[in-house]
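Shown below, as structure tokens, is a lone chain in the form predicted alone; questions about how it binds or moves come after it.
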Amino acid sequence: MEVNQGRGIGAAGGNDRLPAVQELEQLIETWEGLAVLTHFDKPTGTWIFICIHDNTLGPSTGGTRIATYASPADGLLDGMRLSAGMTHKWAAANLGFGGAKAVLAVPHPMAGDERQGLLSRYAGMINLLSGNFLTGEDMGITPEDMEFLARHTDHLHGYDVNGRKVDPSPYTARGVLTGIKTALERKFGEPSVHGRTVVVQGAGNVGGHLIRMLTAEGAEVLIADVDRERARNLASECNARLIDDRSGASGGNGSEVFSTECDVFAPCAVGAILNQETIPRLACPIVAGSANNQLEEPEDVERLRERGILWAPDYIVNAGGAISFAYLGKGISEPAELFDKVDSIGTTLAEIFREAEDRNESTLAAAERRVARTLERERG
């Protein structure tokens, strides 16, 4: 999974490493989180960052991401933002975990012994934290990777009572579907997706499940994905339509994603896709999707408000996987029961929408206040 194009990480010579280290130091010095465990994996040229943001509600917990970045600092910044998002996600759902995230910033795709060697050394770092960091899958991690990690560390989450690894993506998709319905009810007075047009950006694990759920309930779905073959196959399976997303997250003029008229735009790929360039081009009244860190900067939520676009805060609607994993840890393994727990996202989101309207503020402000209340209550 490549997040940013640019010079490969770890390929630079010794004299080029000093500026990179200084960038990392500056990021860590200005971060409000608890700690960053950093390691440069010399055999593979990979920078490993375990970002521990908060442990107020319980052990710091979040997925592991494997991706290529333009610089080590970009990888660290991604981990920091994602770990803060996990704190918000757990607190908004009032579940007993703190926020964390790990990023393995690889210089190139890896397989075989090279990949397993990296993962085994990463597992050693996890073990150093003695259960204060729990992790699961994120972008770039495969089920085989999780099986391998489970042989080297016990500090993982997302397993049922029989010790089987559970795929979080259907539960994340269910949460997004619930969020879309809640937003539709707020905007139009009717929660049904039947007959509604939804643009889904990203046809990966979560996006794919969401597309299937939407079409099963009678929505007209338009699919955009940089992997045209994957999108084409899914469109054929679900009787959906393809639109162009050549620009990926950049939202450049080659993409139809932002300018296609629809009832709901569901970003389910990379973050920072709502920004000064893309928001004026949106042709929808609702944005609700699974992508993390959708706003490029906080001011973007006000740009959405000015256009009358209802934005469902990302860490609220994409919490389905986290919620399901929390209840797996409590011994609930039946999918139907887990889906019922995930549907609580609708109640949470409806409360946020009402509070934002009552206070004449953004949905982001209302969501952040909810998070602050939970954390302050626990801190006493």
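Numbers follow the displayed sequence, beginning with 1. It should be emphasised that the depicted structure is a prediction, and the values quoted were computed from it without experimental measurement. Here, rigid core means the biggest group of C-alpha atoms that superpose within 1.5 Å across both forms.
The protein also exists as the form predicted in complex with a small molecule; that form is not presented, and the subsequent description refers to it.
Not displayed here, the small molecule is approached by Gly207 to within 4.5 Å at the level of heavy atoms in the model of the complex. Although the partner is absent from this view, Arg174 stays clear of the small molecule in the model of the complex, with no non-hydrogen atom inside 4.5 angstroms. Under a 4.5 angstroms non-hydrogen atom cutoff, the small molecule in the model of the complex lacks Asp78 among its neighbouring residues. None of the heavy atoms of Thr135 is located within 4.5 Å of the small molecule in the model of the complex.
Contact annotation: of the candidates Val193, Ala84, Ala291, Leu119, the single residue with a non-hydrogen atom within 4.5 angstroms of the small molecule in the model of the complex is Ala291.
With the partner removed from view, the residue among Val301, Val198, Leu282, Ala269 that has a non-hydrogen atom within 4.5 Å of the small molecule in the model of the complex turns out to be Ala269. Only one listed stretch (151 to 159, 165 to 173, 121 to 129, 303 to 311) carries heavy atoms within 4.5 Å of the small molecule in the model of the complex, and that stretch is 165 to 173. In this overlay on the rigid core, Asp225 has a C-alpha that sits less than 2 Å away from its partner position between the shown form and the other one.
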